[in-house]
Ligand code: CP
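Before any questions on binding or motion, here is one chain by itself as C-alpha cells, the form predicted alone.
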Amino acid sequence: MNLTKITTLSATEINEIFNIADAIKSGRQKAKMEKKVLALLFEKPSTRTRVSFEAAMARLGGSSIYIDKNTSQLSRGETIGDTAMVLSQYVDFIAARMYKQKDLEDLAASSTVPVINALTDTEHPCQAISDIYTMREKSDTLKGKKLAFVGDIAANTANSLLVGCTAMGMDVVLVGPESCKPNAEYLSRAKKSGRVEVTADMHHGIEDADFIYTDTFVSMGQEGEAEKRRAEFKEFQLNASALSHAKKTAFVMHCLPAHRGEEITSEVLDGKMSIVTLQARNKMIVEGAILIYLSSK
C-alpha cells in the first residue's frame, strides 16, 4: 500500500493511524521497525519532513538513507521507474519529495515497497494528517470544528487539508484573494464530504474558526514570481489586527518554514494562540504511525 495522495486513506484508516500515534506518544507502542530501512528520495530541500522521518524511524528501531536527486543517478538521466525498481531491492519504504505529483505516482507504480508522498506540487498528505492529529489533540471532537486556511488557497498543503479535514467531519473555509482559485478537483471532492466556503473576506473567514492556518506565500519553485505573489497576498497576513476578529479560543497553525513578516508576524507565530511547536512535534509522531500502518498492509 502506498500513500501518494490524501485520498489514499479513508477516515477510518486515518483514525487507525491516529490510534497508533496515540500509542507512540504515550509510550505504549513498542519499536516496530527493527532492521527496516527507509529511503528518503528528495528533489526539494527539507528540514522538518526529512528530520521527522529520520527521527521517527530511529525511535522505532529502524534506519534511514537520504538520497538527494543531485547526487544520485537521477541527475544523469536514470528513469524514475528504474530508480524505484532498484531502491525496492534495498529498502522497506520510500518517502519521496518531488516537484511533480506525476513523478511520484510513476515512482509508486514501479516500486514493490510502500511509497509515501513527502510533498509534491499538488499534495502534502503527511503534513495534513499530522496537522489534523494536532487539531484532534486540541479539541474534544473534530466533527463540526472549522478550519480557516488563509493565503495561498491553491497550494499543496491547502489541497491535502481541504480534503482531509472534510473527510474527518470538519468544515473548511478557504480565505484568499479573488485572483487565487482553489484546485477544482480537490474543492469538488471536499464538498462531497463536508461544508466548504471560499471567501476573499479575511474577517468573515476567520471570525468563527477553531483553527486558523497559513503557509508561505511563495512556495518552492515559485521564487521567480516572489514579488508578485507577496503583493497579491499581502492583505492576508496573520497579524494581531486580523486575529482581533477571531475567537479568543482559536488556535493558529503554520506548517513551517515561516517567513516572518510576510504571511505571519512574529507576534502571532510566537503568541499564545500558536500551536506550531506542537505541530512540529506531532509530525514525527504521526509519520512514525504512518510507517507502522503501511508496514501492516
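The structure presented is a predicted model; accordingly, all values stated were derived computationally and were not measured. Just count from 1 along the sequence shown to find any residue number.
Only in words, not in the display: the form predicted in complex with the ligand, which the text now covers.
- Among the residues S64, T265, Q29, T49, the one placing a heavy atom within 4.5 Å of the ligand in the predicted bound form is T49.
- C255 is the sole member of C255, L60, L40, A246 with a non-hydrogen atom within 4.5 Å of the ligand in the predicted bound form.
- Here the chain stands by itself, but in the predicted bound form one stretch of 256-264, 29-37, 66-74, 232-240, 256-264, has heavy atoms within 4.5 Å of the ligand.
- Using a 4.5 Å cutoff between non-hydrogen atoms, R97 counts as a contact of the ligand in the predicted bound form.
- Proximity of Q127 to the ligand in the predicted bound form: non-hydrogen atoms within 4.5 Å are present.
- Contacts between stretch 58-95 and the ligand, counted in the predicted bound form as any heavy atom lying within 4.5 Å, involve no residue at all.
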